[in-house]
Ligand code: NAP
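As structure tokens, one chain now follows by itself in the form predicted on its own.
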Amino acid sequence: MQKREVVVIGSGVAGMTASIYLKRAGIDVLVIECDAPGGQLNKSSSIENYPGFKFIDGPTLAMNIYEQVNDLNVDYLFDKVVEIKNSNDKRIVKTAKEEIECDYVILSTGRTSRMLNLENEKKYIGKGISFCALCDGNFYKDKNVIVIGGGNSAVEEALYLANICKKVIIVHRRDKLTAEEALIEGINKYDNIEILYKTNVLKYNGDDNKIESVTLDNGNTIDVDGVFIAIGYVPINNLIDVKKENGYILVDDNYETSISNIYACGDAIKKNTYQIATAIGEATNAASNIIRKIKGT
């Protein structure tokens, strides 16, 4: 069993930021990630509200941060964490392949896309249903797609797809979009974006290989080649029983959870604003508080 001072679980922007601060302070840190570094950044085609960049796409920003982490020689373990045990003032992080003993844990597990939970939804993931226009948009070049949702993510998806697809239909359950005004204004630049308000998707229709249409709650059926779901997120927080609210981890002012020496930051925690800038600040504070504990300052 390997031993570490700090294990950071997840390498989205929060996890990578925490590891940078810890490594620069001379702390023995291990980052565990089961997917590509960057988390939700990898699904963002356009970032225009992050200071220092008038425009940058998510994967590029993620890779920039990852290169900085690599330059510091931060240790990475590409594996899936299945459980965290808190015993005898030590933390045991159990992955699919091994167990790591550590003094401190930082949970930066992020969130995953929310689903409609309709019949056949899981069946059609990858066969017409997607949660990432940047990842899968090119599969629908010159085809018709719908985007479900009305917030920032949904409008961003629609704007990106409008440059690729023949037609993009936004299906939103409310009577107006809830995205930022700057994003909504962008819709006016495209003739191939249509919005259906006060509408819900009730059913996916197709064969075993792909979606062919969707049935709406107004009784209409729309022929589509792809469906992009952008209706929000749910936190990924099932590794240890810390206090939560609606699934989100509760932390104190030091970003420590209800279990001593287990910290959390980023989209996994309960907070008012979920942005890149806030995740970086939370990770900085979590790492800094651990550094103070270790160094006794």
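As the structure is a computational prediction, the values presented were derived from the model and not from experiment. A residue's number is simply how far along the shown sequence it sits, counting from 1.
What comes next is about the form predicted in complex with this ligand, which is not displayed.
Novice: Which residue among Gly149, Gly137, Gly226, Gly110 has a heavy atom within 4.5 angstroms of this ligand in the predicted bound form?
Specialist: The option sitting close enough to the partner is Gly149.
Novice: Thinking of Glu180, Asn200 and Ile231 as the candidate spot, does this ligand come within 4.5 Å of a heavy atom on all of them in the predicted bound form?
Specialist: Judged in the predicted bound form, Glu180, Asn200 and Ile231 all sit within 4.5 Å of this ligand.
Novice: Taking this ligand as it sits in the predicted bound form, is Thr60 in contact with it (heavy atom to heavy atom, 4.5 Å or less)?
Specialist: No - in the predicted bound form, heavy atoms of Thr60 and this ligand never come within 4.5 Å of each other.
Novice: Can you check whether Ile195 is within 4.5 Å of this ligand in the predicted bound form, heavy atom basis?
Specialist: Close contact is absent here: in the predicted bound form, Ile195 is far from this ligand, nothing within 4.5 Å, heavy atoms only.
Novice: Taking 4.5 angstroms as the cut-off for heavy atoms, does Arg174 touch this ligand in the predicted bound form?
Specialist: Arg174: contacts this ligand in the predicted bound form.
Novice: In the predicted bound form, is there a heavy atom of this ligand that lies within 4.5 Å of any heavy atom of Asn70, even though the partner is absent here?
Specialist: No, Asn70 stays farther than 4.5 Å from this ligand in the predicted bound form.
Novice: Thinking of this ligand in the predicted bound form, which stretch from 205 to 213, 74 to 82, 112 to 120, 139 to 147 has heavy atoms inside 4.5 Å of it?
Specialist: That would be 112 to 120.
Novice: Going by heavy atoms, what in 236 to 275 lies within 4.5 angstroms of this ligand in the predicted bound form?
Specialist: Heavy-atom contacts to this ligand in the predicted bound form: Tyr274, Gln275.
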